[in-house]
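There is one chain below, alone, in C-alpha cells, taken in the form predicted on its own.
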Amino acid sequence: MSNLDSYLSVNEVEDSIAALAQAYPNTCQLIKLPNPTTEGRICHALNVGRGLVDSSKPAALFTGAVHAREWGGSEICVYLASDILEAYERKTGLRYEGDGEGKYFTADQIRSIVDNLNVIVFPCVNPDGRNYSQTVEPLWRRNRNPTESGGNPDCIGVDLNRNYNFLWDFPNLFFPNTVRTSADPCDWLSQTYRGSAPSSERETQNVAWLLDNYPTISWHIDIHSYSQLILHCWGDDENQSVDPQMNFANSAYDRKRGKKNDDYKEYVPADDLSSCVSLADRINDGIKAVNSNGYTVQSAFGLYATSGSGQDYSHSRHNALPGKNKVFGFTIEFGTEFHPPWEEMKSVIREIDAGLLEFCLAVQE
C-alpha cells in the first residue's frame, strides 16, 4: 500500500463526517457550507456537542487542509470527532499512547466537553486543492480557481491562508518586502498568491460563514504542517500591550507593519495575550504527554510576517466588525514534513488530538 492510500481522499473525508452524523445523531450535527468550490464540491463541517450548535454554549472551530499539500489536517479533525463521539457514547475515557507517558482523558472529561462545548470541525477547507495534491502534484498548496491564470496551468489557484480580510492589501499596508504574500498569480515558487480581493475565494467565504452564523465560536485553531509550532496572535508584527492606537486598523501606520525590531508593534490587550499563551501551552502539554516532543509556542510573526491569514482574521473580527464575538485565533504546524509516512502520521494524529482535547478542557476552566 502506498503512503497516499493510507490518507483519506476528499470523498472519504466527506463520507466520514457524514457517517458520524448518522451514527451519533444526539451528539453531533452535520453543517452544510453555502459556497461550492470552483470544481463544484459541497463542503461540510461537523459540530460535536449536545444540543444545537447555535445555542448559548461556547464553541471552538478547528479547520484543516486549508493548504492542499498538508494532508494530515483532515485526518486530525476526523479522528478527533470520532474519538470523542465514541468515548461519549460508551461512557469511557480516551488514552493516547506514544513515546511519552501517554495522555488519558477520563469519561467525565469527555462528557464535560460534549455537554458544555460545541466543537466544530471543518476537516477539509480546500477539497479541490487537496484532490489535486493527492492525484497530480503532491506539493500543490493553493486552491484550483483558474480565473486569473490566463490559461497557464502553473498560475491556477489562490493561497487561501493569504486571502482572508485581514491586512490583505499588503503592498500598501506593510513595510516593503517584509511579508510572505504575493500579488502575482504566477508566483509558483512561493504559491502565496493572495487572490483578486479580500475573501474572494469560496473556501475562505465558508470559514467566514461559520464565524458569522455561529456567534458563540470563541476559539479558532487552524491546523497546518509542518514545523512543530503552536502559533498565536499576531502574524503581521510583534506584539505590544501598551498603545491601543497602534493597531492593524489605523491607517497612520500603513507601510510600517511587518518589519522586525522597529517602532511599530501590533496591539493586543495584556489579558488576551496571556490567555492565548496559556491556551497554547495547554495544547503543548497534551502533545508532550503523548510523544515527549514538545512544540514551540510563539507568536505567528515569530515565524514570519503574514497578511490575510485565517488565524489573524478570526482574531481581528471583534475589533474590525462591531458586535462580533471575540475569537482567539491559533495555528498548529504539526509534524516535520507535508506527507509523513502513515505510521508516523498516526503518531502525529494522536499527539495533536491529545493537545486539542486538552485545549477543550482548558477553555472550560
Partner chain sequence: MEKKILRVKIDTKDENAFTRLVLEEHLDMAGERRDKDGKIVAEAYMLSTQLEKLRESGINITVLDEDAAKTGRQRQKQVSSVNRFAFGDRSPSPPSGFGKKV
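Bear in mind that the values here come from a model prediction, so they are computed numbers and not experimental data. Positions refer to the first chain, counted from 1.
Below, we refer to the form predicted in complex with its partner chain, which is not included among the displayed structures.
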Heavy atom within 4.5 Å of its partner chain in the predicted complex - residue from 97, 262, 169, 254: 97
Pick from 146, 244, 215, 93: which has a non-hydrogen atom within 4.5 Å of its partner chain in the predicted complex? 93
With a cut-off of 4.5 Å between heavy atoms, is residue 302 one of the residues that contacts its partner chain in the predicted complex? yes
My question is simply whether residue 349 lines the interface with its partner chain in the predicted complex - judged by any non-hydrogen atom within 4.5 Å. yes
If we define contact as a non-hydrogen atom of the residue within 4.5 angstroms of the partner, is residue 39 a contact of its partner chain in the predicted complex? no
Find out whether any non-hydrogen atom of residue 274 is located within 4.5 angstroms of its partner chain in the predicted complex, and reply yes or no. no
In the predicted complex, do 18, 82 and 229 all reach within 4.5 Å of its partner chain through at least one heavy atom apiece? yes
Option from 56-64, 294-302, 307-315, 323-331 whose residues, in the predicted complex, bring a heavy atom within 4.5 Å of its partner chain: 294-302
Can you name the residues of 301-339 that have a non-hydrogen atom within 4.5 angstroms of its partner chain in the predicted complex? 302, 303, 304, 336, 337, 338, 339
